[in-house]
Structure formats: structure tokens, C-alpha cells
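Just the one chain here, laid out as C-alpha cells, in the form predicted on its own.
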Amino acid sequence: MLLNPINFYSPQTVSEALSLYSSLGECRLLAGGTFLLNSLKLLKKKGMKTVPNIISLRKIAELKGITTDPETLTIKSMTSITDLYNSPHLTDNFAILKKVCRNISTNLIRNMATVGGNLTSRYTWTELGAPLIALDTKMHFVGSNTKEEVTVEEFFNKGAKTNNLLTHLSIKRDKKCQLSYQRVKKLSEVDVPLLGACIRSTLTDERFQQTKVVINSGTVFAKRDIILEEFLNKSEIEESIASEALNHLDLSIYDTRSDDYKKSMFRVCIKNAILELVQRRKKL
């Protein structure tokens, strides 16, 4: 047997899932399964203890789907990466998510993996964190008697830990901002990101404004480079800024467990992201 013996539960509503989650004690929530099942197999292989109870969220229809209105995009937590990629709602600032989803692994994995699972798996290298921070995304959780709302940035700053169930994400529409996402994969045969960079800025009056630079180092949770943000927000929209910006990085982010190749590729990604934003602005 590939897994240690487990009790498998498959509730059909959020309330049923919460009741099980609070009463079972030792248990894990199963979203798409692409992270959790591999983790359980690895723990067994190492002879380590695994949780005795698994609660699958797959049959909970209220946790699936994508909706939009003039102000907000709502992505429910059990929406698959494939369904998000194929959504007709990914316009304006939401369009960056189509590029990000296309980068995630293979078709088979994208069909299984979920948005909520990607964010809450506690793997530091997962793809959605950086762009969702750049988009000021909010995460909505429920517990037996509680509701919680935090930004993705706050969630990661607290170690991506929660005792509640993620129900959905919400992102405000912003037709004025522009985003660029650049990344480098770790292995040629497996499309796992080695690093990524997402830059968001409102390009008006020929200047960068309200800029966010979010870096996925792969070794810690995605975080913002405030030093680079401050530099860009004082800069005019010129191609020369892409090279000059490399002298205004928070090196503590890029030097964490990075060899020379990785440090170099961070710089390539940041330069390319800035150039993309500048060139896009000049075409408008």
C-alpha cells in the first residue's frame, strides 16, 4: 500500500466539512491532492507518522466557480487551475492569471490542482503567490464559528498557517494598472519554478505609480521588494530604468540560498518585467 491506513471523508457541504474538521482532531484537508498525497507517500517512505483522517473537499459544489462584476473577481477555492485558465473573466488586471496558470506544470496536474491548494499547501515555490500579492488579493476563510479575511501577503507573512477553511479569493478590478510576470523554471523535464517576479504599476503622467514588486525566491514565501518599489515610484517611464533598477534591489531577498546563476536570473527577470511594462505603455 502506498499510503498508511487512513479514514477518508467526503462531505458535500462546507458546514459538513467544518463539522468534521473540528471533531476529528488529527486530519488534513484534501483539495486537488497533487501536494498532499505525495507528501503522505514521502512521510510513509521515511517511516514517519501521518494523519489518520483525510477530508476531501472535491464534492463541495459551493467551493467551485468563478464570478465577476464591475468591481470584483471572485475565485472559489476548489476551482481548478485549468478552469481558472479557461475563464472568460480574466480581463483587465486579472488577465495576468492566464499567463501564470499556463506555467503551472502539465495539463494533467492543472486539471487536478486547485487555486486554494496552490496557496495553502505551504510549499514556498508555488506559482500563484507572487501575482496574487501583486493583485492585492484577499483570502476569505470560515471556521465553525468564525470568519476571517486576510490579504495573500498577510497570509504568507504569517507562515501560511490557518485553522480555518479557505472558501474564496476576491480581487478588485483595476483597468489602469499594468502587470508583468517573469519566471525561470527549475528543471527542464519538470516545470517547477526556480524563481519568479511580478511587477504591477499604474503608468500615468509618464511615471511609475503605485508600484508593487513581488518576488518568488522559491526558498521562502513570496514577498515584496519595497526598495525597488520606492525607486520605481520616483522614476519616469523610460527603457533605461530597467537597467538602473538593478542597482536598487533589496539584496536580502535575492541572496537567500541563491547561487550565482539564480542571482543573475533574478536580475534578468526584473529587467525584462520592467521593459515589458515600459514598452507596453509606449504602444498605448
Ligand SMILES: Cc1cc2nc3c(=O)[nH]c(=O)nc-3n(C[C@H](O)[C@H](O)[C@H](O)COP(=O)(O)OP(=O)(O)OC[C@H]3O[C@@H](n4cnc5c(N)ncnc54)[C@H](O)[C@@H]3O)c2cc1C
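Each residue number is its position in the shown sequence, starting from 1. All of these numbers come straight from a predicted model, not from anything done at the bench.
The discussion below concerns the form predicted in complex with this ligand, not included here.
Here is the short version: of T34, S235, N53, S258, the single residue with a heavy atom within 4.5 Å of this ligand in the model of the complex is T34. Note on contacts: among I171, I104, L203, L90, the single residue with a heavy atom within 4.5 Å of this ligand in the model of the complex is I104. Taking the partner from the other structure, this ligand in the model of the complex has no heavy atom within 4.5 Å of any heavy atom of T211. With a 4.5 Å cutoff on heavy atoms, L30 counts as touching this ligand in the model of the complex. For I96, no non-hydrogen atom is located within 4.5 Å of this ligand in the model of the complex, even though that partner is not displayed.
Contact annotation: P131 falls outside 4.5 Å of this ligand in the model of the complex, judged by heavy atom distances. With the partner left out here, this ligand still marks one of 67 to 75, 203 to 211, 143 to 151, 114 to 122 in the model of the complex; by a 4.5 Å heavy atom cut-off that stretch is 114 to 122. Contact residues in stretch 209 to 225 (any heavy atom within 4.5 Å of this ligand, taken in the model of the complex) are absent; none meets the cut-off.
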